[in-house]
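Take a look at this single chain, the form predicted on its own, given in structure tokens.
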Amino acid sequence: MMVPAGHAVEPSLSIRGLSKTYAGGVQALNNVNINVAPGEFLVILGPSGAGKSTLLRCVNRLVEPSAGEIFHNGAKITGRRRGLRAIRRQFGMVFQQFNLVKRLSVLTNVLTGRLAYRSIWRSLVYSFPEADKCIAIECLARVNMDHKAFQRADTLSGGEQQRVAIARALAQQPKVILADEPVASLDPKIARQVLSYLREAAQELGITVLCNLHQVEYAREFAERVVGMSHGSVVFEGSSLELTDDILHRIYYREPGEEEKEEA
């Protein structure tokens, strides 16, 4: 098992031989192997259709892989049905489309990150104790949105909504944040602000982050390490400084089987 350079500790996440084939024979993942160090900000870089979203959904158990295993802090989390709620509680999600409840306040949206810790009846009526409200306000302050805690979510700009979504993930107090194209719909200035908030909060709290991106410039600017994916396979793993034109061609323009032909 390879551990990223400079990290002599057990990986926070270990993805081993992960494959996923959907109905109809569409292979989204092909023998993916990735280790992620505790507290690392890892960017998974690749075009649409590379398998990035499927990978994150396998990690948080929204999708069951066809083969392979995933370990979190040394414990296997794939193939388990019992304790699934507790497993998912460890993984906060940040989506491209924000997924806020527009008619609810900013604060209530962030509080939904605490639902995994509450009973079903409390979840149904959005009933939260004061301790949860304090956590939510602290998380909003981390992304400079606490002053809008009582506004409706649908009054916010796109960048503000994504900052609220990050606060919601932080309120879950996860060990890992999975961010799936979190800035795809934002302009460059706002995108950089959102990625900065995500990286800073994760660093300060020691949270491991897997962030799917297709924009090379953001990967170079924010990633501690980059995993490049193409057609469901890992085709690059290394520092953002190593993203040469040849590597980028391999990530974005490689055809299925191209590397095999070159090696032959």
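Don't overthink the numbering: it's just position in the shown sequence, from 1. A quick note: this is a predicted structure, and the numbers were derived from the prediction, not measured.
Not pictured, yet referred to below: the form predicted together with a small molecule.
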If contact means a heavy atom within 4.5 Å, which one of 194-202, 235-243, 216-224, 53-61 is the stretch that engages the small molecule in the predicted complex? 53-61
Heavy atom within 4.5 Å of the small molecule in the predicted complex, from candidates Ala37, Ala28, Ile207, Ile34, belongs to Ala28
Using the partner position in the predicted complex, report whether Tyr253 sits within 4.5 Å of the small molecule, counting heavy atoms only. no
Please check if Gly49 has a heavy atom lying within 4.5 Å of any heavy atom of the small molecule in the predicted complex. yes
